[in-house]
Each structure stands twice: as C-alpha cells, then as structure tokens.
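Let's start with one chain on its own, the form predicted alone, as structure tokens.
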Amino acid sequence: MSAHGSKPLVVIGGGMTGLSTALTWACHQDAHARPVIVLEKQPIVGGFVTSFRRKGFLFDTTQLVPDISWALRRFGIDLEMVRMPGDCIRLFLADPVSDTTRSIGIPADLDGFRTLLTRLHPEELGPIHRFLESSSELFREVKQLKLEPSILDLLWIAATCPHVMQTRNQTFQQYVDSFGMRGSDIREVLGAFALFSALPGERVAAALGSSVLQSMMRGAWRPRGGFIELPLRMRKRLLELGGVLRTGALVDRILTNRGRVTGVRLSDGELIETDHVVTTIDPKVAMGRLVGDDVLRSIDRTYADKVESMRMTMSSMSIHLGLDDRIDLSSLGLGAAYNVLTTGGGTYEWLFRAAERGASDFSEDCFQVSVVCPSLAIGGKPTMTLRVIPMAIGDWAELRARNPQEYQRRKNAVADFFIERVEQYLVPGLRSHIVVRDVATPATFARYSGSPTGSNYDMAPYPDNFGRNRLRMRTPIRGLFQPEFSHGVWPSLLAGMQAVDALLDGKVLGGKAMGDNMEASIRAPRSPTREAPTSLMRVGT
C-alpha cells in the first residue's frame, strides 16, 4: 500500500474528464477527509487541451469551445474567456476546375442561422422551420434524460420525448433528410456541425449532431492566455480544495477481486488501495489492458464484447504555423471561429471511407482542412492552425519507430500539401510568411495519449455507440466507472460530473444526463438581430 493510504476515489488521467471528475468530487465532498487522487502519466495535466511555444509563438492543441461558463461557476474558477469574432463557422467551397472559392458564413445565433438557410434555399422555408424547431425540441428533451434510467424512466421517455425516440437510431444526415431539405448548400452547412464529432453527417448520431448545432449557437470561446490556462486553473482549484494530483504516474493495472475494484498498481510497482476508480483514458486500453480482457469476460461477457467491438474515432494531423508581421490575417475573411476549406459535395464522407481502409485519398481535386487563426481573437503574434481530419493511424506509429527520416519526409509532404491548398484558395503567398512550423501526426497523438489508434476524439458516436447504445459508464466491475463518451471540452467536463453524480447517488446532477442549472447557459439566444453578446466574459466565483 502507498504512503497515501487507501483512497476513496482514484482518477486515471488528468485530462478534461479526469480533472472535472476530481474537481466535482472535491466540490461536493471534504477532499481532506475523503481524498481524491488524480494519476496522470504526462508531466503536465490537460491531455489534449494544452498549449506550447515555439520561438515566441503560442500554439494551442484545442481550437475552440462552446460556452463553458456553467462549469467554471460550478468549480469556482476565475478564467477570462474571449469570444471568437465573426461567424461560428465559415465554409470555403473550393472549385478545382475554375480555381475559385465560394464562402458561406454560418452565424452564431439561431435567428441568423434561420435567415442564412432561408436565403440559401428560399423554396425550403417550411422544412427549414420544422427542422430548427425539431432540433431545439430534441436538445430540450436530451437535457431531461436520466444518466442511468430505470424501467419507469424509460417508459417516461417513450411517452414524453418523441424527438429522442424518433432519432435514437438515426444518423444526423438521416434526421436532416426526414424534413425533405434537399438543397446542396443546406446539406453543406448542416454537415459542417458534424465535423466537431470527427464523423461525417452520414455516420454521427442525430442527437449529437443536433446538440452540437444548438450549443454552437452560443458562439465559440478561447481562454485569453491560451488553452493551457484551463487545465492549469482546474489543477490549482483542485489543490486548493484538498485534492491530490500526481504527474508522471503511469497506471499499469487496475486491481480487482471477486468483481470489485480494490486498487491500482503503478508502473514502478507502487500500489494504491481504493474502493472506487474512474478511468478517463482510451476505454479499450483501460478495460482490455489495465483490467484485462480475461478478467472482464469472467464478470460480464456481453460488456467485454461491447468493448471489443467498440469503434474509436479517427486520428488527425495538426499543422501549426507561426507567421511574420507582414501578413494581415484580419483582411482575409478568416475571422470565424472555425474555417473549413473543402471541395464539398460529399468530400468528408469520401475521405472517411478511405481512412476506414487505412488509406488517404486527399488529392488536389478532393480535400478538406480546417483553418483557425487564434491570434485574431486573443492577440499576440499571428498564428494559424490547419487541422486535417480524418487521418487513420495506418503505419504512422510504425514508421516513426523504425524509419525516423522517412517519417519526417512523409509528414512534411502531407503538411506541404495542405499549406499549398490554403495558399491556393485562401491566403496568397502563405508559404513566404511562415516563420515556424510544427506538425503533429497520428503517431504523435498515439504516443502522447497512449491510445493505439491515435484517437483524440474518444469513442466514435455512431448511433449504435451513443446514447442508450453506448458503453455504460458504470462498468460491471463494482466501483469502476468509465465516463468517456464523446470528445470536446464541453462534454468532457460534463462526463466528469456525471461520474461523480453516479458515485454520490445523484447529488451533483440529480441523476440527469445534464443538470437543471445548466439550462440558462446552454439555451441559444433568440434575438431579432445578429448582434453578438459581449465579446469578453470573465467567469469566476
């Protein structure tokens, strides 16, 4: 047993979900009397939510978040959040034949969004109105769902949540199609919201695609000092409340006895006894390797089969560019929170199919890349991040290990391709302005996170792996919880709260998937104009 003694709660992973779990526990328990200990294998906390510097340039690994003021208030964290200027998404539709680009700005409010869709396809006014009303109702119903529903709860859902019942086995695209909207631009615009799930609209669960749309209508935000500020403030607050956080602590085994968790063993042999463990790492690694497939199967074969068949999302590539002062990013129309350069017409679905085969079908006639310019929101030296999704792990990790020179050549070749596309369609002369370039591949993400697939979007939210169909958070091993269900800061913060709510019998969220007091924070504004709310938000105690 470690010097820390027996711990009431051990959290594996110091990313957003892990920090949220620990903070929620510390906010509802006396963490000095009933401690919580977070074990993070990296030297810093935050997981995929972090920042790094290269030659004076600040780069973020996360590009935006919806309104998370509700979570910051719950935790008592003071953090300055800056609203990204302009539209929430701007689509740039590239035509390789004519070498031209057409853009569509997607505003960050429902009335403006309704106006945009109607302007694009006025003949579809009726279907547009019905879709937006249904989407709002679906989001409202989702917020009423119980995290672990009883038979009576399920009967209540069937009787009072028609939109949830209708869409429970639908993809987002099937949901959209059910309203009869056929306009090509509408399909492009609505498909853009599916990108935040790392799945095409033809694959992602309808409820998630709709929820992303609704939450993005509050705009997109960034911490003033870079995204590293968020996990650092969470770490500081956790320590203030009496929590324990250990970095460089790699868990080698989750220990069980007769179907109950008894502790964890670290890679250096240290044992920490506990009655409760919350694991926030790759579920296949946690259940297959740390628990052991044989152990899990001896307890619940059905759950073990679900783990084995579960699909993780694809990986990605990030190309971070530090630019010189001669470039004027503000004049290039890239002020939206998220810019997407695409050849459109089903490009993402086509590329996704190739990635499922482990291939990459990007070409000059078929490509997609997101472009984010954080410095337009938070100031500082001009920066640009290109995000390429989907990217399969393929042989990236193997190549990095056995042939570093070829690995460098390939990753630079892929980076060059996308930089050239951005230069061709969006930023003339981009390459001449690049001062610093840093490229992360699927192998980078696999090494950093420990996920064999390099997945940085958690479990893939297909309809058969989302909602009631997802891997249960309360595992069949008593005392072991696994709250990872969707990627992104917003759902990760919520997932940590859900785990503690289950541990404390509903004392955090009242047994609901979302708490009642989150209602005001996530309801989309319905003003008659597109005038944005205050661009600077400071959330604190």
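Predicted model only: the values in this text are computed from it and were never measured. The numbering used is simple: start at 1 and walk along the sequence shown.
We do not show the form predicted in complex with a small molecule, though everything after this point is about it.
Q: Given that the small molecule is not shown alongside this chain, does Leu39 nevertheless sit within 4.5 Å of it in the predicted complex, heavy atom to heavy atom?
A: Yes, Leu39 is a contact residue.
Q: Is Ala359 a contact residue for the small molecule in the predicted complex, using a 4.5 Å heavy atom cut-off?
A: Although the small molecule is absent here, Ala359 would stay clear of it in the predicted complex, with no heavy atoms inside 4.5 Å.
Q: Tell me, yes or no, whether Thr167 is in contact with the small molecule in the predicted complex, where a contact means a heavy atom of each within 4.5 Å.
A: Thr167 lies outside the contact set for the small molecule.
Q: Hey, in the predicted complex, does Ser318 get a heavy atom within 4.5 angstroms of the small molecule?
A: Although the small molecule is absent here, Ser318 would touch it in the predicted complex, with heavy atoms inside 4.5 Å.
Q: Among Leu79, Ala415, Ala249, Leu110, which has at least one heavy atom within 4.5 Å of the small molecule in the predicted complex?
A: That would be Ala249.
Q: Can you pick the one in Met497, Ala31, Val65, Leu480 that has a heavy atom within 4.5 Å of the small molecule in the predicted complex?
A: None of the others qualify; the residue that does is Val65.
Q: Tell me, please, which stretch of 39-47, 506-514, 23-31, 472-480 lies within 4.5 angstroms of the small molecule in the predicted complex when heavy atoms are compared?
A: The contacting stretch here is 39-47.
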